[in-house]
Every structure is written in C-alpha cells, then in structure tokens.
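So this first bit is one chain, no partners, the form predicted alone, shown in structure tokens.
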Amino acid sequence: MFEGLDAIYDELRRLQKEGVGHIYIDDETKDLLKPALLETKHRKRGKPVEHANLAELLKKPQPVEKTVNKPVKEISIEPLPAPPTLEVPEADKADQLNWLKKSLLACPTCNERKGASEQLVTGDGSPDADILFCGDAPGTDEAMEGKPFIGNAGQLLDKIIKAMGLSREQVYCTNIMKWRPNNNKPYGNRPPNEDEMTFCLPYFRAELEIIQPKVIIALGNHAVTGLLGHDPKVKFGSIRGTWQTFQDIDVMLTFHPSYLLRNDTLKTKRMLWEDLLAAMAKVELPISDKQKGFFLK
C-alpha cells in the first residue's frame, strides 16, 4: 500500500511541476487515498470527489489500512542496444505497412521490454493520410489491444478528429514508442525516456516514409521531445502552437488529449483547437464559420 501511495505521490508531483492544478482520479486510485481527505476537503467545498485539488493531494495522506498489492513482474532495465536499421521495401503502401508491422513484432528488444500480457502497438489509419497524429507511447488500454489511442484520451481524440470534419479512417495515428513503458507497478503509466524513444524512432521514420503525410500533429511534451530532442531551456508552453519540421515534414506542436482530460477548460480547448485549425489550413481542408467559432465564449 505504501509503495502504491508513493507512486501516486511522485506522479502528482510531476503533474504539479507541469502546471496542472486539478486532476481526474479513477476509482482504483481513490481507494488508495485516505477517504477522510476526499470527504472533508472536497465534498464540503461542493467539489465532486473525482476532481481533486492537486496541492491538497500532495500532502501525502496515509493509508487507512494495509493491503497487499498483486505481485508485478519486474522487468530489468538493461541498456538499450543501437536502434534497428530498417529499409522499406518497394511495394504498395498496404504491403509496406504489413512488412513494418512484422518487423516490429519480430524485434527481440521490443518484445523483451513489453509486459508479459501486453502487445506491441503499431500505427493505425489511412496509408494515404495527409494528417498524422503522433503521441509518445502507448498506455495500458493500447498495450492490451495492440492499437493506438483507444483509451479515454483516444476517445477524446476521435471527437477532435470528427470536429475537424474527418474520421479515424482518414488520418493516421501512431506513437513514437512501440511498447508501453514499464514502471513495475500494477497501475498507471510513466512517460518514455529519450533512450526508449530513440530506439523506436526508426519504426516511426519508416511510417513517415510509407504514409508521407503533409502534416504531423505532435501530441504532448514527450512526443515533442522524441521528435525534436530534449532542450532543458525550452518549455512546452512556449513552443505549443508553433510549427517545426521533422524529416522535412511540417509539425504542429499541441496538447495531448489526456491533458485536456485533466484541464477541461474552455481556454485550453480553444488553444488546442487553434493549433488544429492551423493544421487544417496547412493541408487545405475546408474550414466552416462554425468550426472557426468552436470553444469561443
């Protein structure tokens, strides 16, 4: 139990440093937190229990009773080998994507790193997509199904794509990293590190070579780091909404949908939407007056 609370505390600290003020807490996490904290400090203020103030949660409440977590398979963290060398064969796009998927599934390093009950996650969508959505790494839901963006954040991404006048079948969605970063815990996700994303970059580069999108929409700070490299002097907030390039492809930097789940404000939604309007204009998608007015007061 104490180990579980420490993991939650560390994650809350990380979110607080990123400027997050309120978060959504699922039932599993709430069970680990002291009920009195939620009852007295949130219900009395008229706040729903599932939306807790981050500063108060960081007071690190003690567990009510001791429980035993299910044993978790420890995955030893060995240094990663050099990234694989991939040469996309001459073929149509469908065959090339099948070749890439088989190459990934046969990668011994990727298979050693993924959880015992998890799958490697390849990209999904149209091989002729003009817009490619790029995240950092799969989460729990994605690793269970072997498909990108199918959890709560993925459902929100579906709505975002629909608001753009498109469908998941018309875009391409993928992650830089192809396995879920293991954190040796029975719950939660951790962001990928630079070495992990660097190792997986050849697979992502091959996807770009096959799909040849006009625009990459990089979702979240870690995806941006994976594409552009880490610069401690550059904060995500200062570059969000700007255009960069990766392999001579225009890249729009914007929020990850999971960030909107934690910061469900009109201002945040509008900021992301303006980034997407710019991407739509870049690929010459029609933009209606109604779309231009989304998330304005």
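Bear in mind that the values here come from a model prediction, so they are computed numbers and not experimental data. So that there is no doubt, residue numbering starts at 1 and follows the sequence shown.
From this point on, the text means the form predicted in complex with a small molecule, which you will not see here.
Colleague: Going by a heavy atom distance of 4.5 Å, is residue 226 a contact of the small molecule in the predicted bound form?
Modeller: No, residue 226 stays farther than 4.5 Å from the small molecule in the predicted bound form.
Colleague: Would you classify residue 179 as touching the small molecule in the predicted bound form, given a 4.5 Å non-hydrogen atom cut-off?
Modeller: Contact with the small molecule, no.
Colleague: Does any part of residue 139 reach within 4.5 Å of the small molecule in the predicted bound form? Heavy atoms only, please.
Modeller: Flag for residue 139 set to yes.
Colleague: Flag residue 123 as yes or no: does it have a non-hydrogen atom within 4.5 angstroms of any non-hydrogen atom of the small molecule in the predicted bound form?
Modeller: Answer no; every heavy atom of residue 123 is more than 4.5 Å from the small molecule in the predicted bound form.
Colleague: Could you tell me which of 87 to 95, 199 to 207, 129 to 137, 110 to 118 sits within 4.5 Å of the small molecule in the predicted bound form, going by non-hydrogen atoms?
Modeller: It is the stretch 129 to 137.
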